[in-house]
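Okay, here we've got a single chain as structure tokens, the form predicted alone, with questions on binding and movement later.
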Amino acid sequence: MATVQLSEAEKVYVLHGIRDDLRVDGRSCEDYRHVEIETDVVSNTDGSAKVTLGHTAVLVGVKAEMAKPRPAAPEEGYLEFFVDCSANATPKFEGRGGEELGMELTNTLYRVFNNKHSVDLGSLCISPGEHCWLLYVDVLLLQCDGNLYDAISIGIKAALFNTRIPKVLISEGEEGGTEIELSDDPYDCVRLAVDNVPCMVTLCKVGPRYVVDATLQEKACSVASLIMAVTPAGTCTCMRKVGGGSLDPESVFEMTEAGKRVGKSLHGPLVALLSQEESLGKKRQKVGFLG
């Protein structure tokens, strides 16, 4: 993880501001930084999105391929995740510097998204026990300025919202088997339901209080963090504590309630923004992930 070094005086300045609910950049403790979202930015994917959260930027691509269902879930499709920590994000990711963080992020994404309570995996089944859709979700870190989990989860939800899977026609073959034919019409496709897809909310304990969407400077003053996956209904589906410090039960309860409150309020504007961008069609201004 990218880190910064702060002097004791700088840490005191950050701590006192958070104690008074006034952070260095003017936000309150439960405010996010400015978020920019652009979908359909990678042409050779079935769905993609670029998210910029402050100075943190991630690019997410979704590619659909036909596969055999897993034996434990013959009537469901599934997702595969891969996170690439680009050396452009921070020099510390050069060589194999980002492998550990990439694996940590990937494992968390599996726990949060690859289950039937987050994504309608049943809709990815083509023929039970024989064919299903496998969604490869690739995440590329472009810039790193703290709060990677939240930015990645927003990007995944936006990319899944943008994903279009070709419609499948199943017919009986001459020898009694099944034949599968994919529609050639790019508009004859199936959309994924993202109603229950959660967003992750990271709360960092800084002094006696906690903050949402911490910057690298605030992260340097934090003793521990709580990462929560929250659905649009405000239900926490996954929770993980990171950091070497400890959290007392009262702090965990307060942070959990705040995380559910913040996460629930995040989904409405996000879906509204995605729907608004989609309604523009070809009229929307494309920026691209390089600009």
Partner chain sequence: MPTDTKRIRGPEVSHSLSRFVCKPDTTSLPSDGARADGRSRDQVDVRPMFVRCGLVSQAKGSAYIEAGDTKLICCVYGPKETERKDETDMKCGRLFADMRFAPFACPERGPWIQGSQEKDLSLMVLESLQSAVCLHKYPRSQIDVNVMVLENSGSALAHAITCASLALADAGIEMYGLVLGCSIRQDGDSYLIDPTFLEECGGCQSSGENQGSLTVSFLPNLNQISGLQSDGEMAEGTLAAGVRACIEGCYKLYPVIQQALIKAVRGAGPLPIES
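Residue numbers count along the first chain shown, from 1. No experiment lies behind these values; they were computed from the predicted model shown.
Separately, the form predicted in complex with the partner chain exists; it is not shown, and the next lines address it.
- Checking 64, 42, 247, 67 for any heavy atom within 4.5 Å of the partner chain in the predicted complex turns up a single hit: 247.
- Proximity to the partner chain in the predicted complex, defined as a heavy atom within 4.5 Å, singles out one entry of 59, 29, 37, 242, which is 242.
- Partner contacts here mean any heavy atom within 4.5 Å of the partner chain in the predicted complex, and among 96-104, 208-216, 138-146, 156-164 they occur only in 96-104.
- The closest heavy atom approach of residue 71 to the partner chain in the predicted complex falls within 4.5 Å.
- Interface residue remark: residue 86 is not counted as part of the site for the partner chain in the predicted complex, having no heavy atom within 4.5 Å.
- With a 4.5 Å cutoff on heavy atoms, residue 226 counts as touching the partner chain in the predicted complex.
- Though the partner is left out of this view, residue 52 does not reach within 4.5 Å of the partner chain in the predicted complex, counting heavy atoms only.
- No residues of 126-150 lie near the partner chain in the predicted complex, the criterion being any heavy atom within 4.5 Å.
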